[in-house]
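Next up, structure tokens for two forms of one chain, structure 1 and then structure 2.
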Structure 1
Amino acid sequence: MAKYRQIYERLAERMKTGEYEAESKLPSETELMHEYEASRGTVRKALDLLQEHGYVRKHHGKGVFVLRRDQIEFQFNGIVSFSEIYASMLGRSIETSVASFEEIEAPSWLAERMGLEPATLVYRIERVRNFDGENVILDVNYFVKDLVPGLTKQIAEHSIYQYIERELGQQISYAKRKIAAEDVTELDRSRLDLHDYEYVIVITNDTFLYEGRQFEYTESRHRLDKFQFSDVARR
């Protein structure tokens, strides 16, 4: 593993465990160079990666500060499962429950969207993400049965992507993603703790395997106050 990634993982772990508290200032680059026996360039790459992943924010002339992680942060520039996001948020109470799991024939709108033959079987899954005691995210997943065989409710309670990659040996390649604000639906009201919110943020994902076949369509429906996405733009 590259030296800068080792430093990144060590610093990230120290933030997760609370050794570096939210809003505290990290040691200076010079101090980190001495602690990790690394060059300034290597330390800066580690700090840049921490900033990319939402752990810290650099303030010019003041230093690098640990960010609060009161929201569930998703990155637009990668395909990351919820369980992988959860792994970066130790100390928070986050749970997944499967509210609905069924095998159905793909509705006409889904078959058209995914380019499926009529009567193609898909798994339709509703998963509710509970964050610190409140249901704040509803994922409505559709997986093509032939491409994700053997999927169960028990697998869906943990990580479907891990099952696809480790158990089925498939390679997840890329996703087409869209984000929009939409009116709250009756399904949202029945599954989420919405309080007085009348809108949710909806992220749609059309996700493909390495050979180009689409295996998933998902709508991820987020309560407004728990919505946060990050990306890195380069010129």
Structure 2
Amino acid sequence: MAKYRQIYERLAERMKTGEYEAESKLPSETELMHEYEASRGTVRKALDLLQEHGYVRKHHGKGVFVLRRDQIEFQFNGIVSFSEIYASMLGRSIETSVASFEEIEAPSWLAERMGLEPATLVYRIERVRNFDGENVILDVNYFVKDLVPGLTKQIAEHSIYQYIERELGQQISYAKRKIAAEDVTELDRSRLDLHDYEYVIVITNDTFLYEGRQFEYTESRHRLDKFQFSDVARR
């Protein structure tokens, strides 16, 4: 591991254990240089990384200050599937069932949205998330077959992202998300236990690989009362 990463991890650990207390000032760059026997540039890279990850805040002329712990706890940032968030927030797990798994030619609206050639093959997957005996979330995923080959129903029952990153070795780069309320559709009614809610919260997700190629479009449709989204925004 790179030296600046080692320093980063060591410092992060000392903040987590409380050795460096919240609100306190970290040793100066010069002190850290000696302590870790590194150059100033290396120490600075470690500190930059700590700031980027929300551990500390640097202040020109004053020093580097440890931020309060609770900031780091709610790191729902980045690309996480919403069911994961949901599960972790409620402290319970969700049962997932694959309601539909097919290989189709991309419909025209999808091809246009994703910038695909006509007739590109995609996997279309419907997954229903059951919580406390009720179906409350419907995920409809579209994956480009060329970019995510070998997807199976078994994989879909677990974590597709894990498959993409670990098995295929593809690096996911970024996702565009949109959240809005929509009228309930027939599909929603057939898959979810909607009671008499007339609206669902829909999260659309366009996910891209590192070269900027889009490999996924997903709609995550949540029953109104079971939807919640959290994140932490930083300046």
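Model, not experiment: these values are computed from the prediction. Residue numbering: structure 1 sequence, from 1. Rigid core (definition): largest C-alpha set, two forms, superposition within 1.5 Å.
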item: Selected structure - the one that is the form predicted alone; value: 1
item: Rigid core superposed: residue 48 CA moves 2 Å or more between structures 1 and 2; value: yes
item: Per-residue C-alpha change between structures 1 and 2, residue 31, threshold 2 Å, rigid core fit; value: yes
item: Yes/no, residue 195 Cα shift of 2 Å or more between structures 1 and 2 with rigid core fixed; value: no
item: Between structures 1 and 2, C-alpha offset at residue 57 (rigid core aligned, Å); value: 21.4
